[in-house]
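Listed next as structure tokens is one chain, alone, in the form predicted on its own.
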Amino acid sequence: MNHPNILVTDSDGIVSIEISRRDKKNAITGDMYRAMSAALFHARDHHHVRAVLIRGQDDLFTAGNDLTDFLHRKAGDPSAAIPFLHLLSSFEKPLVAAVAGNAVGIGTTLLLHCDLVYAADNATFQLPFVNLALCPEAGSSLLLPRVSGYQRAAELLLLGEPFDAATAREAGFVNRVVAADQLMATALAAAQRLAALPAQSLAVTKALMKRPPDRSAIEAMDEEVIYFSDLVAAPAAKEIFSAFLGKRIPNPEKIHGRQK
């Protein structure tokens, strides 16, 4: 999991994945994708990890894929980005992103798979795929129109021009814009709040929201009630109910269960 350009920490229920290759504007190589995948596998497979924070620095997120890798790739060659993106898209635990400075290409599209995205007021986003004679990736041709509407997505994907944090928030994939010097603290605080919540309830809620959007309201309700019935009888909910009625603080061990 260790990599000189992917700095991973595991503390207080949160795995932080920092992209750190500043001499190349945090451009991501195949080895860096593999290191990030390893960090996500670690977070997925360890019960004590309850949230993941993806970040760069307070003036830089990532310039996207390392174009040197693209230059030497042949048609049909496997990309280490694909397993990373599949893992990101199917990740059951909460994903928080902190974005400052440039977020180019996959630096923007990966955000569509995160649950909470905080951007610094110095953040600049860009989806330059057509400009590079490429096409969208990371499922962005589906996800961006879904969250932004077709015309807004077409403007961002077809023209490929840079846009600011306020525009990203209007486009629907940034939750909040904050001052650059407050970004990391804001994102970490959100991750900490998520880590303190019942993990199974978070996982179920996230899974339900990611179901196909063409379901009817009745279908959604019928699916929700199955999970609701299980969760309401589970130890975490019973501890929270008892604590509320007893006017006490819930016992974290009873909410989160076994640690490892």
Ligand code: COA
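As the structure is a prediction and not an experimental result, all values here were calculated from the model. So that there is no doubt, residue numbering starts at 1 and follows the sequence shown.
Below, we refer to the form predicted together with the ligand, which is not included among the displayed structures.
Q) Residues in which of 150 to 158, 126 to 134, 176 to 184, 83 to 91 have heavy atoms within 4.5 Å of the ligand in the predicted complex? A) Residues of 126 to 134 come within 4.5 Å of the partner.
Q. Do residue 221 and the ligand come within 4.5 Å of each other in the predicted complex, heavy atoms counted?
A. It does not: once the ligand is placed as it appears in the predicted complex, residue 221 has no heavy atom within 4.5 Å of it.
Q. Is residue 112 one of the residues lying within 4.5 Å of the ligand in the predicted complex, judged by heavy atom distances?
A. Outside the cut-off, so no.
Q) Is there a heavy atom of residue 27 no more than 4.5 Å from a heavy atom of the ligand in the predicted complex? A) Although the ligand is absent here, residue 27 would touch it in the predicted complex, with heavy atoms inside 4.5 Å.
Q) Is the gap between residue 58 and the ligand in the predicted complex 4.5 Å or less for some heavy atom pair? A) Contact check for residue 58: no, nothing within 4.5 Å of the ligand in the predicted complex.
Q: Taking 4.5 Å between heavy atoms as the contact cutoff, choose which of 67, 234, 196, 208 touches the ligand in the predicted complex.
A: When the ligand is considered in the predicted complex, the option within 4.5 Å is 67.
Q | in the predicted complex, residues of 94 to 113 near the ligand [heavy atom within 4.5 Å] | A | Read in sequence order, the residues that approach the ligand (within 4.5 Å, in the predicted complex) are 102, 104, 105.
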